[in-house]
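To begin, one chain is listed below as C-alpha cells, in the form predicted alone.
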C-alpha cells in the first residue's frame, strides 16, 4: 500500500487556483521530489500534506487512513524549511532536544538520542555551541537533527538548501540522500532546482500553475518529456528549442528553421505545420568534418574538464548550446557545421506545447 496518497487536491486563494486536482501516490520509503518554477504550487501542496493548510477539495491519506482532519501535531511528520527557524539564543543541544522536551521525555533518553543524532550528522563537537555562531551548513544540519529526534513517520523538505552556497548545497544534498538510505523512510522534497531532482529522486513530479504535468523516475522524464515546458525546464543545461516548419517528404519529414534543414524520418503528416524542434545539448554535434544540418557561429566556450559547453548562434539570431567532448575546441566567432542526432530529436506543437514526435 502507498505510504501517502493525494487524491484530487485543489486549493484556491481568491481568483488564483493554487492547486488544481493534484493526484499522487508516494510509496513507502520513496524519495519523491516535487519540482517546478516559483508559483507552481509546490509549497502549498507540502503545507497541505503537513496539515498547515486545508485543501478546498480532495483528500490526503496515509497508509489508507484519512488525514484531512488531523492537526499537524497528530500527523507525525518531520519538516525541514528553507528558513531554518532555529532558536538562535539556545545551544545546538537544546535546539535538537526541543521536540523530546515538549513530549516530556526523560533526560537520559533525550541525552542519548541527541548524541546519536549528533554523531550521525557529524555535529557532536557543536552541541554546546550557540546556534547564532554556526555556519549555514552547520545550522542546516541542526535543523535536520531537530526533525530526526522525534522519529517521524516521513519527512517533508521545503527548499531546504535554498540559502546555501553551491558547494554547501552539494554537501547537504549528499547528507540528505545518505540519511534517506539509512532511515529507509519516505522523503518528500520540494525544490525549483532540477539538478537536485535528477540527483536525489527515485521519483519526480513536475508542477506548473498548480497542475501536475508529469510524474515518474527522473531519467525517464528527462528522456521522454511529455511536452515543451517539461523538456525545457527539466535538464541542465536546458533542452534547445527551435521554432520552424515541418514539411512532408516521401520518407518522413523535413524540419526547417533558424537555417537548419533536419531530416525527421520517423515523423510524417499530410501538410506543412509550424512546430518547435527540441534537442538536448548533448545531442548537438559540432565540427567541420561532419555532414551538416546547418551552420552556427561560436559565441562562447566553457571548458568543464570532461566536457566542453559551446554557445552558438544560428540564423535569425537563434542561440543554442552544445555539450561536446573536451577535444572539440572551436575558436570564438568561428563558423562551424552542426548536426543533430536524428534519433534524439523531439517535435512539439508550436502553440499548445504538446509532444508530436517521437
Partner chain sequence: MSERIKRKGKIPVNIIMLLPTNIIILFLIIIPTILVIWFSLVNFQPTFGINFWQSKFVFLDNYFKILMDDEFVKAVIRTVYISLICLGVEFTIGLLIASILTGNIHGKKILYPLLIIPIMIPPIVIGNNFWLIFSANGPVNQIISIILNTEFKASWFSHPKYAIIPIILSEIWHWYPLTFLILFSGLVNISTSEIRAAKILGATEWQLSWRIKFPKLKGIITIALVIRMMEALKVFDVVHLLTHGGPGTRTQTISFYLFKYGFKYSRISYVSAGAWIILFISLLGFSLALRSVLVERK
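Residue numbers count along the first chain shown, from 1. We call the rigid core whatever largest set of C-alpha positions still superposes within 1.5 Å between the two forms. Note that this is a predicted model, so its numbers are computed, not measured.
Another form, the form predicted together with the partner chain, is not on view; read the next lines as being about it.
When the partner chain is considered in the predicted complex, residue 150 lines it closely, a heavy atom lying within 4.5 Å. Using a 4.5 angstroms limit between non-hydrogen atoms, residue 77 touches the partner chain in the predicted complex. Shown alone here, residue 222 lies farther than 4.5 Å from the partner chain in the predicted complex, counting heavy atoms only. Although the partner is absent from this view, residue 83 contacts the partner chain in the predicted complex, with a non-hydrogen atom inside 4.5 angstroms. Though the partner chain is absent from this view, in the predicted complex it lies within 4.5 Å of a heavy atom of just one residue from 195, 101, 243, 111, which is 101. A single residue from the set 271, 182, 73, 125 has any heavy atom within 4.5 angstroms of the partner chain in the predicted complex; that residue is 73. This chain is displayed without the partner chain, yet in the predicted complex the stretch 65 to 73 from 308 to 316, 328 to 336, 65 to 73, 25 to 33 comes within 4.5 Å of it by heavy atoms. After superposing the rigid core, the Cα of residue 178 is displaced by less than 2 Å between this form and the one not shown.
Shown in the overlay between this form and the one not shown, fitted on the rigid core, is a CA shift at residue 130 of 2 Å or greater.
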